[in-house]
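One chain follows as C-alpha cells, the form predicted on its own.
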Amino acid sequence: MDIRTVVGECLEMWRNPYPYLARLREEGERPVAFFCSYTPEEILHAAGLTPVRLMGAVRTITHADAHLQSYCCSLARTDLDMALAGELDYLEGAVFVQTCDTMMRLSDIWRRNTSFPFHGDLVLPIRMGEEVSLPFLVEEIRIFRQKVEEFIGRSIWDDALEESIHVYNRNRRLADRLYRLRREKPGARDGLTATACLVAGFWMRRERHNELLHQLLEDAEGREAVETDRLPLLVSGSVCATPDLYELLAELDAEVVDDDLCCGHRYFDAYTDESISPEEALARRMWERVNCPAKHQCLENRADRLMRQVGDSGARGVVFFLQSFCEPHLFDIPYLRNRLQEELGVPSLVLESELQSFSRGQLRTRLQAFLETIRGV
C-alpha cells in the first residue's frame, strides 16, 4: 500500500473510527475499550485482547442524558450514548481509569446499564510521582492483571507481558522519531498527516501500527526538507476527537509543529523499563511520565515542560483545545497562558469543543482571527 493511501485511511479512521472497530471483531480480534492514556494497554495486549481507545463522536445525544448531566464532557456523554444505543456491541468490554469525576461516575453507570462481558477499573493515586504513591500503584497494576486473567480464564505469563512491553516501547520510539522529524526536517511530514497516523494506532493491533509508522518514517526520511512560511503552532489540551482543528489550521496556512495532547505527545511520553519486573515497570512509567491535569503535580513542572516544547519547536502561538466542562484542564489555563506571554511573548487561544454541537465554521472564524493577530494583519 502506497503512503498516500495509508495516510488517507488514517485520516478516515480519525474522522470515524467505529466502522474500523467493528471490522476488528470480524477479523477475529477481541477489542476492549479504554478512555485514558494511563491505561496499562500492555496487560490487555499480552492477554490476547486488542485495546482500542474511545474518543467520543460528533452526534446528537439520545440515551446518555438519562444518566449523565449535560455539564459532563461530551467525550463521556457520546461514548456512553453509543454504548446504550448498542453501537459498540462488538467490544469485549471497557477499562476505566479513575482520573476526573466524570470518568469515575461513568464507570459505575457503564457497569449498571450495559452488558459487556468485561469491566475493568484502575484506581490511580492522586499524588503521582511521589515515593508514597508508587507501592499503591504497583498493587493496582497487579490487581488489574488478575482481573484480566480471570476474564480470559488463564494466566498472563511474564514473558508474554515483557514481549508486549517491548512492542509498545517500539511504538513510542517510532512515534518520537516521527515527532522529531517534523521539527528537524520541515515539509517531510506535516502535522495533520503525522498526527492522523499516530492517532490511528488507537484502533488497530499495536504490531500493525508499528509497521505503519515504520513505513511512514521511511517515506518521510527519504524526502528533502522544504522551506515553508506556514505559521508554526503548538496545540495543547486533552484529545482531538476529529481532524477538523488540524485541517482548518492547514487551510489557514498554519502548521502544528508539536502538541501537548493525551492523544499525542503525552500519550507516548516515557518508556517502560524492560530490565525490571513487568508490573513494577508499568507502574513506574505511569508514575514518572508527564502528569494529566487531573492528577496532583507541581504546576510549575507542567508549565516548564510546555515552555520547553514551545521553545524547541519554534511555535509562535499556542492553541489550547479543550473539551467543554473539563475542569482539570481549565483550572490550569490562566497560569499557563501568563507564563507563555510573560516569559516567551507567545500568544495563546483557548477553544472549547462539544461533540454534540460541534461548529466547524465558528472554529475557523476564531482560528483565523488568532492567526491574523500573530501575523499582524
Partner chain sequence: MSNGDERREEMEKEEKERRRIKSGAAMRELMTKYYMEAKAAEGTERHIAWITSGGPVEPLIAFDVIPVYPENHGAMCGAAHMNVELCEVAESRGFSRDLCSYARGDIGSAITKGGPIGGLPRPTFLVACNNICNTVFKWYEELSRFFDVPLFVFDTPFVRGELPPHHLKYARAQMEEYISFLERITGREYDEAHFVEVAARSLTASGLWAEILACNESRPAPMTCFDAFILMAPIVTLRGTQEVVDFYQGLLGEMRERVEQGIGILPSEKYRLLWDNIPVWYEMRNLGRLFMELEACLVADTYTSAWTFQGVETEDPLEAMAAIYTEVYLNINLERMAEKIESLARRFEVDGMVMHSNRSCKPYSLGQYDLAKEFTRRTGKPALIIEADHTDSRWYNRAEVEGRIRDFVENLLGQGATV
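Residue numbers count along the first chain shown, from 1. Here the structure is a predicted model, which is why all the values come from computation and not from measurement.
Omitted from view is the form predicted together with the partner chain, to which the following refers.
When contacts are judged by a 4.5 Å heavy atom cut-off, L68 counts as touching the partner chain in the model of the complex.
Put simply, E247 is far from the partner chain in the model of the complex: not one heavy atom of it is within 4.5 Å. The shortest heavy atom separation between V132 and the partner chain in the model of the complex is within 4.5 Å. By the criterion of a heavy atom within 4.5 Å, M104 is counted among the residues contacting the partner chain in the model of the complex. Not one of M55, A200 and D219 places a heavy atom within 4.5 Å of the partner chain in the model of the complex. Residues of just one listed stretch (205-213, 111-119, 162-170, 227-235) have heavy atoms within 4.5 Å of the partner chain in the model of the complex: 111-119. C72 is the sole member of A194, C72, L282, A254 with a non-hydrogen atom lying within 4.5 angstroms of the partner chain in the model of the complex. H296 is the sole member of R180, R223, H296, R305 with a non-hydrogen atom lying within 4.5 angstroms of the partner chain in the model of the complex. Contacts between 157-172 and the partner chain, taken as any heavy atom within 4.5 Å in the model of the complex, involve no residue at all.
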